[in-house]
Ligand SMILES: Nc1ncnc2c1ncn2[C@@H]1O[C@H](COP(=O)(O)OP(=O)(O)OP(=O)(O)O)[C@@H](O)[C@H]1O
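The chain below stands alone and is given as structure tokens, in the form predicted alone.
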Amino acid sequence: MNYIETHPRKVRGGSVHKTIRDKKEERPVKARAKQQLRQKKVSNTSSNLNERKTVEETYLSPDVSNFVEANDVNETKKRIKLWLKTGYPVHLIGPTGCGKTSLAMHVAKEMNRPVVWINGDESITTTDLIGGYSQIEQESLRDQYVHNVFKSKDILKADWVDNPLALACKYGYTLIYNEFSRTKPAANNILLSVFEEKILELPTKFGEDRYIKVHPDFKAILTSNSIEYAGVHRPQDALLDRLVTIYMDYYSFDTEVSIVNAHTGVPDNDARRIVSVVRSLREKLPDTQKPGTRACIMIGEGLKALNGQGRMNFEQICIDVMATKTRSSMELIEKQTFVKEAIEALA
């Protein structure tokens, strides 16, 4: 028996009743739509993997150039690798310019894993470490499955963006947390469960998404300035108990000479003269004003740019670099005297 429409009334441009034939014809269309949706999801997953691979290869690898392999450098490097291998995060503490960050980046690169970076400061919060919701997406759904029923529903979707700590924990990256002691302790509480229970909690998420199991390849290297360590933000004891701390100092004379040579390309005798002047000032200046190996490199680059134009120019370059930590004219005069005395002692 053929189905016959009982009346010609229309609803939103379509018949109130549909024949069995019409309904059968709709089924393949719906099936194709579902298949296309599944294919789109698979395509998005593949796209995300490719995007992640591109990010890892392009942005997350540390750029370490002119690294010097000296005995004292390698000794510290072995200690860092030992503790990272056992699963403990390493905290490097040392004066400004002693090479903490360069060493941390070099070790991270040798771990053969992508590296993520955090620079600690007063404004860092837990969200800056783990991530948060970047935007809200609104989606409207209109359901007309039943011919004469109209259902409307709005769906709000929040897009979550991972920050460095979440990325490192999720994918097994190496985390370098530079200037760790500059961040307020409350922001670093999130690290307690990461280092001990190997679980990262995302406080603003719900259900299973709230927790990330830390990847077995996850490693962490933290650096702090020993001069500022007691006066900025002392980390909580519970967190310090989960770290292995390695104290660093300035490298030996020969190692600093090799570093200056590698970074600037100046002749060996010039590099030795630079390092001698800088080390002489370290013995006379207070801890907060001691020049580091970075100052040696800066003087070397200035000297190379001079192209051998004279002794007085070398003296002025040294004074200019040392004046970066000068707070008064009296301190500047004192440093000028120290530089002249150090250069005269080399003559």
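Numbering starts at 1 and follows the sequence shown. A quick note: this is a predicted structure, and the numbers were derived from the prediction, not measured.
What follows is about the form predicted together with the named molecule, which we do not show.
Stretch-level contact check against the named molecule in the predicted bound form with heavy atoms at 4.5 Å: of 64-72, 315-323, 279-287, 299-307, the positive one is 64-72. Within 4.5 Å of any heavy atom of the named molecule in the predicted bound form lies no heavy atom of W83.
Taking the partner from the other structure, the named molecule in the predicted bound form has no heavy atom within 4.5 Å of any heavy atom of G120. Proximity of C98 to the named molecule in the predicted bound form: non-hydrogen atoms within 4.5 Å are present. Using a 4.5 angstroms threshold between heavy atoms, N261 stays clear of the named molecule in the predicted bound form.
Candidate site formed by Y88, K170 and E201: none of these residues places a non-hydrogen atom within 4.5 angstroms of the named molecule in the predicted bound form. Contact with the named molecule in the predicted bound form, defined as a heavy atom within 4.5 Å, holds for exactly one of D270, E179, D128, D162, namely E179. Of all the residues from 282-303, those having a non-hydrogen atom no more than 4.5 Å from the named molecule in the predicted bound form are T293, R294, I297.
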